Each structure stands twice: as C-alpha cells, then as structure tokens.
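The chain that follows stands alone, in the form predicted alone, written as structure tokens.
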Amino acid sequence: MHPPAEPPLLRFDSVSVVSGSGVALLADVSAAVVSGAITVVAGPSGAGKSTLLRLGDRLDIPSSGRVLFEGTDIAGIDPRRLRRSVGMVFQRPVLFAGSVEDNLRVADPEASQARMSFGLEQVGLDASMLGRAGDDLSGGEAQRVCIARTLLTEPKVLLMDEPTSSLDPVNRRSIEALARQFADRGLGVMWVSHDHVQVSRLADHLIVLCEGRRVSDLAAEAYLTEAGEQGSQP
C-alpha cells in the first residue's frame, strides 16, 4: 500500500450512520479516495462497506461527520450535479427498458453516436451493441454497459459496490482490468469487496471495516498480507 496523496478527491471525515432502529452501521469512520488509484473497502458481510460507499454520492446521509468532494461538503452540492462527478456502479447491473443506446442516453441525452460508441469501446464493447436490447445482454455485457453509462458523465470518482460478485471468473477479471485502466487514467476508484484474493489484486490503498468501524492500519496490512497469501495458493 502507498500513503494517500493530498488532497483527496473524496474524503469521509469521521462519518457515522445510525439506522432508524438505532443500530450503528458506521461509527466515526475517516477515509479518503485519491486520483489515479484504487481504494478498496474490505471486511466481512455487514461491516458497513456498502453504507460507506453510498455516502459518497448521497444515496445515504451521515448521522454525523462530513463527506467532502474536492474539499466541499457534499451536503451543499446538488445531488444530480454531484453524481455526474461521483459515479456509482452497483453490485448487479441495472438497465432500463429499451436499447443500449437508450440506456446510455439516460446519462447524456445529447450524446452523439460517436461519443456513445467511444464509451462502449472504453469498456471493451463494440459500437454495434448500441442497437441491442438491454434485456438481451449477458451479465458481463450488462455490467459493462452500466459502467459505460456512468463514464458518459465524465466522473472524477467511480464508486463500485462489489461489481463482479455475480460474474464468472473471466468477466470478473475483465471488470477488474477496466478499473485499473480507469485509475491509470487519473480517476479515483473506490471498490467494495469481501473477496480476500480480489483485494490482493486490486488494492493500492485499503480500508478495512469491522462492525462499522475502521480497523487500524496495522490490522489492515495484516488483512492485505493474508489476502496475498491466499491469492498465491494454487
């Protein structure tokens, strides 16, 4: 792991989230997402990983603490404008009725054919996909279209909530490779995973949560070491 660069694109400043029934989903968690790197949020199921991610584009609101995008508290940013800069890719691809082109135009109604074709090429799909029906795609194709749709808004941060959990190993590795390409181009990528081996492949920076709290850097290093050892096993 490398120490986070300054300033971060997205910063979580002592955020806590308490459910309506009084359960603490997150407790005083601080973290940062920087450009040009993949920040992996890891930990067991129910640790608060997806909750932390959803705070990043105001799908959830912190009970206390702040989330800042480029130094500005996102509580004061219009959610639609924020989500053009902080894109979200969900665990299961969500496509709307209609063609692939129709789905891309949800992100940018004025997008040209050339721009949409380029968006598909960025995720390894051919421009001929534009006319395909959304419900006629494989899981891997659908997830790629969702990523292409998000990229049409030209985000600076890409939030990815276990985007490969429902995919086969070939598509899983392919989406991971895309995330690496995006980081190499300067995006800040925040990726949620509970897969130790995937963590060892992806993490430039690592946030490990347990029962809603961030564990120490030492414990996170141990987690990454364990992940690497598992990944090296035949």
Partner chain sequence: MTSTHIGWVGLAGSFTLIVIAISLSLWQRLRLSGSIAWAATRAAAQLMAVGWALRLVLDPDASVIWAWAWVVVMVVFAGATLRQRAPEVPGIWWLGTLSMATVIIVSLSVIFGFGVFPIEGRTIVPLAGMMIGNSMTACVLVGRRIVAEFSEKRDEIEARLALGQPWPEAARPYTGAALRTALVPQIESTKAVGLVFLPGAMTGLVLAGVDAFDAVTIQLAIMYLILGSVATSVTVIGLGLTRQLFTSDHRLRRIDRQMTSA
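A quick note: this is a predicted structure, and the numbers were derived from the prediction, not measured. Residue numbers count along the first chain shown, from 1.
Quick note: we don't show the form predicted together with its partner chain, though the next part is all about it.
- With respect to its partner chain in the predicted bound form, the three residues His196, Glu221 and Glu226 uniformly fall beyond 4.5 angstroms at the level of their nearest heavy atom.
- The closest non-hydrogen atom of Arg83 lies within 4.5 Å of its partner chain in the predicted bound form.
- In the predicted bound form, its partner chain lies farther than 4.5 Å from every heavy atom of Ala127.
- Contact check for Thr153: a non-hydrogen atom falls within 4.5 Å of its partner chain in the predicted bound form.
- Remark: Ala107 counts among the residues lining its partner chain in the predicted bound form, judged by a heavy atom distance of 4.5 Å or less.
- For the candidate set His205, Arg172, Arg58, Arg201, a heavy atom within 4.5 Å of its partner chain in the predicted bound form is found for exactly one residue, namely Arg58.
- Comment: 75 to 83 is the region of 75 to 83, 136 to 144, 119 to 127, 160 to 168 lying near its partner chain in the predicted bound form, near meaning a non-hydrogen atom within 4.5 Å.
- Residues of 94 to 133 lying near its partner chain in the predicted bound form, listed in sequence order, are Val94, Leu95, Phe96, Val106, Ala107, the criterion being any heavy atom within 4.5 Å.
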